[in-house]
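Here's a solo chain for you in structure tokens, the form predicted on its own.
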């Protein structure tokens, strides 16, 4: 009697994935297709078809400036999160277990709080009588309160705090995979701390840096609540622009075109991050 061939544990019936595929088809693919069809209406009545809404957006300097300012905002928030998050992740692997627990608690605490609550807290902090202005006035740095709320700086600071866990957690994971003997070997060969960081630690942590930048960037440019409340009516970003066209002006074809263009822009940036991630894996393994 022939021995039975053991079943490959990695092979499963495609029927097991059918519920998830159906869920994505109904709640993700179908709305996107409907959005794409709606964006091809040249007027709100849906009587004429064409690419008029896309031409309108791409030839309108105001719309392009809103898209550019939104993409720039994501870059600023990502850069600030990286500068602040990397030292936190580095410190995590150089302290004791109790301090590590405290750091993880501090990093995860924002995720346990509603983004609306955190945003209103930043409104209080950045206000004319807030903590920052009161502190600067008390130590004599400024005589009158400076404007922080409803400014680009205020939006960047608030978004950086809100999205910080998305940057710090991948960095902690990436730094934890680096063999500590490599750092010791670099130092024993005469390299200083900064040279060891630039030549050993940073290249090997690039996969975590790329993953954190991707998550932070995508979350920052789509953070409708924080952008709207902290930015107020002084600045306009793509999520609010889209909301105004859809809900206030009832111009659904143009709002759909804005959504498609914004989605493609985000996918382009994320694809660049993905390409950098693949290159960093090759660089780290070299």
Partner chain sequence: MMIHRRTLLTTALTLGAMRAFPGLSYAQARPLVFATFTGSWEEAHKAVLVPAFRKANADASIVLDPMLSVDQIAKVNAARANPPIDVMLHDPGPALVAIGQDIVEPFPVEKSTYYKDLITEAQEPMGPAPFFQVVGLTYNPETIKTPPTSWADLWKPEFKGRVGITNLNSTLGTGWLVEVARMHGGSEANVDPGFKALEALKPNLAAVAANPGALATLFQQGQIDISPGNFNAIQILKARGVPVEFVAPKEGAIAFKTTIHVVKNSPNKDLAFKLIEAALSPQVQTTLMNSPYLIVPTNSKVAMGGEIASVLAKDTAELKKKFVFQDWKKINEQRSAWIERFNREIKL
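Everything quoted here is computed from the prediction, not taken from an experiment. Numbering follows the first chain given and starts at 1.
The discussion below concerns the form predicted together with the partner chain, not included here.
Participant: Spell it out for me: taking the partner chain in the predicted bound form, does every residue among 22, 120 and 128 have a heavy atom no farther than 4.5 Å from it?
Facilitator: Every residue of the candidate spot has a heavy atom within 4.5 Å of the partner chain in the predicted bound form.
Participant: Heavy atoms, 4.5 Å, the partner chain in the predicted bound form: which of 87-95, 128-136, 193-201, 171-179 makes the cut? Say which one.
Facilitator: Stretch 128-136 is the one.
Participant: So which of 68, 46, 52, 232 reaches within 4.5 angstroms of the partner chain in the predicted bound form, heavy atom to heavy atom?
Facilitator: Selected residue: 232.
Participant: Within a 4.5 Å heavy atom cut-off, is residue 249 in contact with the partner chain in the predicted bound form?
Facilitator: Because a heavy atom of residue 249 falls inside 4.5 Å of the partner chain in the predicted bound form, the answer is yes.
Participant: Spell out, yes or no, whether the shortest heavy atom distance between residue 228 and the partner chain in the predicted bound form is within 4.5 Å.
Facilitator: Close contact exists here: in the predicted bound form, residue 228 approaches the partner chain to within 4.5 Å, heavy atoms only.
Participant: Does residue 149 reach the partner chain in the predicted bound form, with heavy atoms at most 4.5 Å apart?
Facilitator: Within the cut-off, so yes.
Participant: Using a 4.5 angstroms cut-off on non-hydrogen atoms, would residue 222 count as touching the partner chain in the predicted bound form?
Facilitator: Outside the cut-off, so no.
Participant: Scan 59-95 and note down the residues that get a heavy atom within 4.5 Å of the partner chain in the predicted bound form; none is a fine answer too.
Facilitator: The stretch 59-95, when checked against the partner chain in the predicted bound form, contributes 60, 62 at the 4.5 Å heavy-atom cut-off.
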